[in-house]
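Next up is one chain by itself, shown in structure tokens, the form predicted on its own.
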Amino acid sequence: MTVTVRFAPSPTGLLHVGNARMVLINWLYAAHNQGKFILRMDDTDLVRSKPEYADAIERDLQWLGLKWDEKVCQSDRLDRYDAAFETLQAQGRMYACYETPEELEFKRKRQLARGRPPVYDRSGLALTDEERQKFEDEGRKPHWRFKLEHEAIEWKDLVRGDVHFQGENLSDPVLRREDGSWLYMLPSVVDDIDLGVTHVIRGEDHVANTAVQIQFFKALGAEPSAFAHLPLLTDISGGGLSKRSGSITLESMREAGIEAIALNNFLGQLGSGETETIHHTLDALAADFDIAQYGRGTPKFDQHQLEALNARVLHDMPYELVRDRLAAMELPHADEAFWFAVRGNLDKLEDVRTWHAVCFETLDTPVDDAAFIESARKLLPDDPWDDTTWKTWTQAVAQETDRKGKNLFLPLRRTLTGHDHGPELKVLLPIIGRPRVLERLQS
């Protein structure tokens, strides 16, 4: 059996970090098991689904490095849903209902007021032909519900363990609206059957849906997929994330300079109990992946933790993984030596421009003590320079000026780099080179 998973976004908005965590875990599960990853656009909502959102979803996944093996759109598969509907209808599992939204809400409130669960009372199932015709004559169009079997529904969840439902405690779900359009429930199962999806990994808000969908699988003559339901990601205060609330999107992450691999590390480890091991490639992250490590606790998205991890990723990033990006930034002198010299002082990759300018461009740096700087200039060693030059020079300056510590090092650093802090000057000095150092000391 080839492990096959799917990520099924609705192109009705931009992906946020909660969506990213779910797609990442699906992708990692497939990669760890040498399986297949399917991107399925749930675009049956013709009013809210937009091509620009579908494009943005693909762009976000490409940025994360999550390549898909197959892509399908539900809008291209409407005939398959019609066929499944007819199959269920022939089995007597579909029935027409004519209640308005207001009537259904009234029923729900009345049941709650009586201390009963708001389970649909199957009034539509009890309608006579005359009653149906009366509703039709009034201009009402039916919505269609699936008749659940009142039996035990059980599965072993890869995250939650043994899960049990009783069919009589669940409402018969609406599968088709009055206008003939589809809700999520049936098309999702039809796709999972047709595409050979072996594992459905999604949020715990779908647990009750799974109990219902297991009966769909069986009614359509298919074996249910394996299921894993993960706790939903919240913001740091415990609030929910959604497209509509303006939660942090992947687009905003990218624009803020967050490394894709840093976000992958961060989201992949949330809720898993793992320490913050940094993996510089998705393959390495997949090799260590184990869905059994995810617990039932609610993971929280902390922007400050992500930013700290982003810096750690850059501080440890091999040159071969960033070489092409540095070239694309048009930094002509950003070779391996330069990268290793400055990477430990980067919070975002864009910060590398600052240190490239420090090393290779003309700077107007401050001079706090002209007499001290002139003394240091006279003691500047001749070429060639290496990582011992800084120590040799500052020891000579210290002996000449009787300075030490901050009073010795800070004026030199500020004059040479324009900054109070930065990469070790024993490494940076040979990269800047004697001509530029001399120019800054003289100015």
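If you're wondering where the values come from, they're calculated on a predicted model, not measured in any experiment. Heads up: residue numbers just count along the shown sequence, starting at 1.
Heads up, the form predicted in complex with a small molecule isn't pictured, but that's what we're talking about next.
- Residues of just one listed stretch (293 to 301, 166 to 174, 184 to 192, 357 to 365) have heavy atoms within 4.5 Å of the small molecule in the model of the complex: 184 to 192.
- Residue-level contacts in the model of the complex: of R77, R202, R343, H143, one residue has a heavy atom within 4.5 Å of the small molecule, and it is R202.
- In summary, among the residues R413, R40, R403, H32, the only one with a non-hydrogen atom within 4.5 Å of the small molecule in the model of the complex is R40.
- Although the partner is absent here, H206 sits close enough that one of its heavy atoms falls within 4.5 Å of the small molecule in the model of the complex.
- Contact check for A8: a heavy atom falls within 4.5 Å of the small molecule in the model of the complex.
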